[in-house]
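Encoded as structure tokens, the following chain is the form predicted alone, with no partner shown.
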Amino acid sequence: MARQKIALFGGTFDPIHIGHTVVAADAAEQLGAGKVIFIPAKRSPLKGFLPKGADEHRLAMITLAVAGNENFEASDFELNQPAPSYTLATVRKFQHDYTSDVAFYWLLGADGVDDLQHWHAVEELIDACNLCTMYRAGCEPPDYSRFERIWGRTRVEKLQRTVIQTPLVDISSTEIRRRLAAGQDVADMLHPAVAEYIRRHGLYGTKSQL
């Protein structure tokens, strides 16, 4: 029997936007994953600052954004752990919670490839799960060969096998926050329920409607 596949999608999601859900759905289809779990980080180890949005708000926005997809769900695991969030600990948690018949894939944006060498216990992480690198159409695919000297050929070949091409969605959370603070429209970048939540709670420099 084929192993069930679950994709874990970590990030700050500050806020979650249409690009996140579009690439996650596409990656899941290509991988044959029956579920994508969005996992907001309390704080990334490679960032010296906390997200702009409070933990409870970021989790609430993710829950709203994924509500219409039965294959999507949100997890508050990392939000309930001491900062920073380490991917290996998260993967181990989900492996413990599920049976050994489940294969886990960690979704990684191609813009994170350069930083991967600085991740906590990255070699153990590569061995523990399938790091799936999503790169954008029209861009050169990630090349892990430069890491062969430090990670070894077997790990590099494993990383290359799970490189997939996902749609080009030119949206960033940073740009959304900038536009919101400037009073500009972001309706085409966010799920309507997320946009309404941001307005209602006065997040990212908007004025609350309450």
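Worth saying up front: this structure is predicted, and the values here are computed from it rather than measured. Between two forms, the rigid core is defined as the largest C-alpha subset superposing within 1.5 Å. All residue numbers are counted from 1 along the displayed sequence.
Heads up, the form predicted in complex with adenosine-5'-triphosphate (ATP) isn't pictured, but that's what we're talking about next.
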>> Taking adenosine-5'-triphosphate (ATP) as it sits in the predicted complex, is Phe13 near enough to touch it, meaning that at least one heavy atom pair lies within 4.5 angstroms?
In response: yes
> Any chance Phe104 has a heavy atom within 4.5 Å of adenosine-5'-triphosphate (ATP) in the predicted complex?
Replying inline: no
> Applying a 4.5 Å heavy atom distance criterion, does Arg136 contact adenosine-5'-triphosphate (ATP) in the predicted complex?
Replying inline: yes
> So in the predicted complex, does Thr162 come within 4.5 Å of adenosine-5'-triphosphate (ATP), heavy atom to heavy atom?
Replying inline: no
> Given that adenosine-5'-triphosphate (ATP) is left out here, which of Val169, Leu50, Ala67, Ala60 has a heavy atom within 4.5 Å of it in the predicted complex?
Replying inline: Val169
>> I need to confirm a contact call. Of Thr174, Ser145, Thr154, Gln184, which residue comes within 4.5 Å of adenosine-5'-triphosphate (ATP) in the predicted complex, counting heavy atoms only?
In response: Thr174
>> Counting any heavy atom within 4.5 Å as contact, can you tell me which stretch out of 79-87, 92-100, 122-130, 105-113 lines adenosine-5'-triphosphate (ATP) in the predicted complex?
In response: 105-113
>> Since the partner isn't included here, can you check whether adenosine-5'-triphosphate (ATP) sits close to all of Phe9, His17 and His20 in the predicted complex (heavy atom within 4.5 Å for each)?
In response: yes
> Taking the rigid core as the frame, does Pro82 move its C-alpha by 2 Å or more between the shown form and the other one?
Replying inline: no
>> Core superposed first: is there a CA shift of 2 Å or greater at Arg136 between the shown form and the other one?
In response: yes
